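Only one chain is shown below, in structure tokens, and it's the form predicted alone.
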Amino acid sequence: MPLYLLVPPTHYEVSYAINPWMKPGTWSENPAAHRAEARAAFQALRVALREAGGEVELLDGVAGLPDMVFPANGGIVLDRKALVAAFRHPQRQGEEPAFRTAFEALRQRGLLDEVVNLPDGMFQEGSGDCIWDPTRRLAWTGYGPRSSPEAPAHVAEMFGIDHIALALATEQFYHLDTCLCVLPHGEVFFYPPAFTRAGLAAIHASVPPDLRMEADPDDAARFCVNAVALDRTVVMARATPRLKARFAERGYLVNEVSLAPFILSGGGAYCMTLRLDLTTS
């Protein structure tokens, strides 16, 4: 049963802007209402994951670190090894020791075997820029706005895996998980304008046309690409009828969750989860 780490939004707020989606001004207009909406959205996501067959492990956040609610960025977990993220922006760097402590606690409980760190000076922002593809037995790795260009090769070497490195073209789609989603039965759902020409060519070379699903601007803006897929269920933010129909044609059920409070910070369903039990075998 898939196991996901989630961080409740106890300390969540939008108090700074480090990506084009972040709207601290909108948050400050009615913070109490936004906090209530965030709590309700988090619970809805938790229920949706369980309904889809997942299990949830909760980690308490830390005051002053509002973006800990996006644990996908906290590290990469694969084959019972956790690689702790190194964040580019100072506003998130305080999350590094918090996630390191959390991973060590999971190791002591027997859920992980090893916790490792990145070399000094290298930025790599966790599973947001490293998405395991079980169909192709490799990781899709993003770099550019947040993760260092040398990070993909280092991650691949550390985990002993093949990878395809994709350069991200815009600050708007700052992590790979905002513009690419790997589905369990081989399809890849992606937003083409988020990638450089070379990145798009790499996707086209690795994914046959019948398995490519291109997102449109509305899908991307709604953070529907930032989704969690469990077998035939895809948990995502509110989607258009057209997108739900496209997934249904391929045999997938879209389970929508209203994630508006978190989209104010530039995150969706995938950002809010970290898969703890992925293996390469």
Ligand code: ARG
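Residue indices: 1-based, along the sequence shown. Note that this is a predicted model, so its numbers are computed, not measured.
There is also a form predicted in complex with arginine; it is not shown, and the following applies to it.
- The closest non-hydrogen atom of Y174 lies within 4.5 Å of arginine in the predicted complex.
- Taking the partner from the other structure, arginine in the predicted complex has no heavy atom within 4.5 Å of any heavy atom of L259.
- Using a 4.5 angstroms threshold between heavy atoms, T141 stays clear of arginine in the predicted complex.
- Within this chain, T10 is remote from the site of arginine in the predicted complex, having no heavy atom within 4.5 Å.
- Residues placing heavy atoms within 4.5 Å of arginine in the predicted complex fall in a single listed stretch, namely 66-74, out of 29-37, 66-74, 251-259, 230-238.
- Within 4.5 angstroms of arginine in the predicted complex, the stretch 90-105 places a non-hydrogen atom from R92 alone.
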